[in-house]
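Here you get one chain, nothing else, as structure tokens; it is the form predicted on its own.
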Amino acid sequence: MVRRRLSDVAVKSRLEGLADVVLDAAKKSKDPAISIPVRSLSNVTFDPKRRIIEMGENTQDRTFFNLGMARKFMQTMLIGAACKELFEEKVTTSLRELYYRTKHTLAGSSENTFDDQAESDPIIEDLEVTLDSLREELHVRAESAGTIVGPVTLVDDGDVIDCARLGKGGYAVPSIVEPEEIKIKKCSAKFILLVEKGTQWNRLSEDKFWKKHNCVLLTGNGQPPRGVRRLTRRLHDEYKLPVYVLVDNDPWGYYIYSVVKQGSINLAYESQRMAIPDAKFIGLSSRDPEKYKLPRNVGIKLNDKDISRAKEILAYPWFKKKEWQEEIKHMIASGLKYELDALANKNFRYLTTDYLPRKLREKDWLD
């Protein structure tokens, strides 16, 4: 069961508790330490019954007196202080703004607190798992990076958004889509099609695929961000809609599908809220080029990085099903990967008029 959203009072209290750790250590002339759960493959497990990735119990102490950890310790406290400021001012902010809010040069040196945003973003994730508080509960949001179109009506800050009446451009999915922020007023779709690439989403939207097949079209323009995954999960739960995932035929496409289905390794603590264990992989499959007679010259030769990544995925417990082992090994044996764009070799509308309708009709997908 997905836990209820924490109140501002509860999250603010947890942030203050983080500061108390430092104050207590200082009073006792001890090295302040924060226990941070490890966010890596070594600390995740796959629950075969729930069919999701879950975070383990391994932690690592982040201390101030350790030269190798002092910088990260300082950064953690800076981000924590900025989040407390957000609560006091009753505002939310973006990851980018948070980076600039906490960036400055240390007095008497040329050392910056953060050199770039790639340093500050992981600190937010560290705080999430340490405080057991989601990024949204810390008043931090990402930039909108997804789009939705189809027979679904949303209420955003009092405004009614009919996603079937927004032209082919659709509605930009916000970072925070919890019920307190975005209400799903109604939805008459039969299924959800989550598309990896914006180019294919544009084709499907322009051709009104969603109208002909009565579905919701979503894209995250690559690996779907949290807002897109969470909105997909909500539509799936609240309206019992099947979810079909359309990605490139390469190791990265496989992994994007698995992130939607089981959750991600880096954000395993959020799987319970976002993963969709019943999601189906509708393509591109490694056998589709033969089945749909795509010429080999539209395939792209697998490089060493592709092959290495494919072998890593083969070893993941959530890819141990016979069908998935055969799927990935077939791609490696073919020596080629195929982008969804390659379907345009047949004709520009092949994806919408032939490929997907046949896939849906024949129930040709992987689970």
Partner chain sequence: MPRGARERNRLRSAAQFPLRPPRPSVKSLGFETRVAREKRTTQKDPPPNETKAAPEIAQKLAAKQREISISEFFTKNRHLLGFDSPRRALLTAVKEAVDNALDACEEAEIKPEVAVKIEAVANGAEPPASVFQAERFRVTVEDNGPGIVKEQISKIFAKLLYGSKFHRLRMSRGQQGIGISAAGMYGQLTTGKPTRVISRIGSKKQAHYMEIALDTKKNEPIVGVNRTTDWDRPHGTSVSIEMEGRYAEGRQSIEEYLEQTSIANPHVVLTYVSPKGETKTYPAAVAVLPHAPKEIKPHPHGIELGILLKMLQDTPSRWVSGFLSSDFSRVSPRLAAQICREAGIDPKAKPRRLGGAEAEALYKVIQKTKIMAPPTDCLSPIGEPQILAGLAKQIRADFYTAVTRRPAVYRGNPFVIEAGLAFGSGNFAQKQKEAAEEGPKAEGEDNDKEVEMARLMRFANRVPLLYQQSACAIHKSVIETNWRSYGVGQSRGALPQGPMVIFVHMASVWVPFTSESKEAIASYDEILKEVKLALQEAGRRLGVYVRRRELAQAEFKRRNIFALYIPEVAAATRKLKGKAVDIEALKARLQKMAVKLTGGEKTDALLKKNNPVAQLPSTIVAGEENIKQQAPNDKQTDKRKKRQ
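Numbering follows the first chain given and starts at 1. What you are looking at is a predicted structure, and each value in this text was computed from that prediction instead of being measured.
Below: the form predicted together with its partner chain, not depicted.
Does the 4.5 Å heavy atom contact test between Ala344 and its partner chain in the predicted complex come out positive? Judged by the heavy-atom cut-off of 4.5 Å, Ala344 is well away from its partner chain in the predicted complex.
Exercise. So in the predicted complex, does any heavy atom of Asp354 sit within 4.5 Å of its partner chain?
Worked result: The answer is no: Asp354 has no heavy atom within 4.5 Å of its partner chain.
Do Gly80 and its partner chain share at least one heavy atom pair within 4.5 Å in the predicted complex?
Contact with its partner chain, yes.
Indicate whether Glu180 is a 4.5 Å heavy atom neighbour of its partner chain in the predicted complex. It does not: once its partner chain is placed as it appears in the predicted complex, Glu180 has no heavy atom within 4.5 Å of it.
key: Segment assignment from 257-265, 219-227, 98-106, 145-153: heavy atom within 4.5 Å of its partner chain in the predicted complex   = Checking each option against the 4.5 Å cut-off leaves 98-106.
- Is its partner chain in the predicted complex near all of Ser133, Ile184 and Arg234, within 4.5 Å of a heavy atom of each? The answer is no; none of Ser133, Ile184 and Arg234 reaches its partner chain.
In the predicted complex, the one of Lys84, Lys280, Arg273, Arg141 near its partner chain [non-hydrogen atom within 4.5 angstroms]: So the residue touching its partner chain in the predicted complex, by this definition, is Lys84.
Mind listing which residues of 237-269 have a heavy atom within 4.5 Å of its partner chain in the predicted complex?
-> Counting only heavy atoms within 4.5 Å of its partner chain in the predicted complex, no residue of 237-269 makes contact.
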